[in-house]
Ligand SMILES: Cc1cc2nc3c(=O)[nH]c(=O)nc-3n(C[C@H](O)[C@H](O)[C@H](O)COP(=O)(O)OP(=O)(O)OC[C@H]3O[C@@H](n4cnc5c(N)ncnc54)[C@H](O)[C@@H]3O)c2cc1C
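Next up: a single chain in structure tokens, the form predicted alone.
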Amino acid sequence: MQVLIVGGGIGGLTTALSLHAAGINCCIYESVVSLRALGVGINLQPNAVRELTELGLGDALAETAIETSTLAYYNKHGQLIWSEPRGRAAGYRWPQYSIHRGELLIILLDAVRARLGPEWIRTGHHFVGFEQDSFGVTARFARRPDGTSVMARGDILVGADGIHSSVRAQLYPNEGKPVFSGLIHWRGALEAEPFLDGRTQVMIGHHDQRSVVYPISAKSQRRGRSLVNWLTLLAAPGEDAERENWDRRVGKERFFEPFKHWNFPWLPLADLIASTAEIFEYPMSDRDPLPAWTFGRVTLLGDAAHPMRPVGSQAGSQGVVDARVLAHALAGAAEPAKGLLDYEATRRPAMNEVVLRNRQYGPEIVMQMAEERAPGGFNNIEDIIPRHELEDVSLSFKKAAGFDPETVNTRPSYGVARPAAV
């Protein structure tokens, strides 16, 4: 079997490693000419860390990332609403990690180059379209920078090319633009003094004004410092919001005013924002759940299949799980198209539910509950939100997303033993 993977991001690279581990040949086609360590922070939940560990990347993650100890929600006054242990402290067999997205990409990229060989990553190949028949798929690419046409033939084509997926656009030509949430978020990172225990992820505020902050570098931690990743969100400032402009560098004046007093005894957030050299702006968008990902020998994966709002730290983690389920399904199927349908049947219903839950704030709804019930603050959180409500919100989301401790710890592995050489 030969699999063509469109997209060399986290999902595409994990797919390549998973297929290789299962003894299935593949090649990655990436539009950009050079894969580089770009981006800011990402959280890997235990469900994803299990998969990456089983792919032999556990040591590299531990060396690079922060093992998250706690997730804590605060209101806009800096009062604690809810906190819970994360990863192994919460009973998982695997940790939760916070890591620089670019460093995660390099860990995956280095592994692909070492195991598959660098020739199986074709950068500078912009996907143009595909045709399929009963025997396979032919993909067309324009090679950058000269636009030379390149054809590739395989048994399967996997679209792992993100929220603006060209593969998805061919399958759903009338879908249109991503669905804008009405929110804009800004991201930055800088080295600073550790806050709280140096391993906590905090969420502050409510739906229309909130911030997410967490450390992302074990290297900084070993020096007694913290590489702090922060994210702020606000309702879009009028109709001039550039909804299609992703990863735009901006100044803090675009959003800083509502956050200028958000210095708390346990976190000087406003000061951190003011000291950040590079700030990037993103519209908060997703897409409607799809009725199907798979068409014959072509399927979708990760953000191409289920782009979701950055709620509950799920998007990257779920793309990793997609990759492992796909390889497992293909390895066990009598023929490729059946394997793709098995993969979709396992993943699409749950991911469609998570996309919709994230539109309703996901587990972060506890901050909105606190804002609506006690906008001026509270003396005791249980006077406004009983503990059982907080616990129910947390567990319900974990079960829907497939990363509650019982599911992650007890389900069979998606790993596949490589066929013995003949």
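Position 1 is the first residue in the sequence shown; the rest follow in order. Computed from a prediction, not measured in an experiment: that's the story for all the values here.
In what follows, reference is made to the form predicted together with this ligand, a form of this protein that is not presented.
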ask   = Is it the case that G7, R101 and L301 all touch this ligand in the predicted complex, with a non-hydrogen atom of each within 4.5 angstroms?
value = yes
message = Quick check on this chain: which one of R287, R347, R168, R187 has a heavy atom within 4.5 Å of this ligand in the predicted complex?
response = R187
inquiry  = If the cut-off is 4.5 angstroms on heavy atoms, which of these, C26, L55, V355, I42, is the one near this ligand in the predicted complex?
reply    = I42
query = Counting only non-hydrogen atoms, which stretch in 347 to 355, 110 to 118, 310 to 318, 197 to 205 is within 4.5 Å of this ligand in the predicted complex?
reply = 310 to 318
query = Could you tell me if S31 has a non-hydrogen atom within 4.5 Å of this ligand in the predicted complex?
reply = yes
ask   = in the predicted complex, does H125 have a heavy atom within 4.5 Å of this ligand?
value = yes
ask   = Does G87 reach this ligand in the predicted complex if we count a contact as any heavy atom within 4.5 Å?
value = no
task = Would you please decide whether P95 lies within 4.5 angstroms of this ligand in the predicted complex, comparing each non-hydrogen atom pair?
result = no
remark   = Checked 151 to 176 against this ligand in the predicted complex; residues with a heavy atom within 4.5 Å, sequence order, are A160, D161, G162, S166
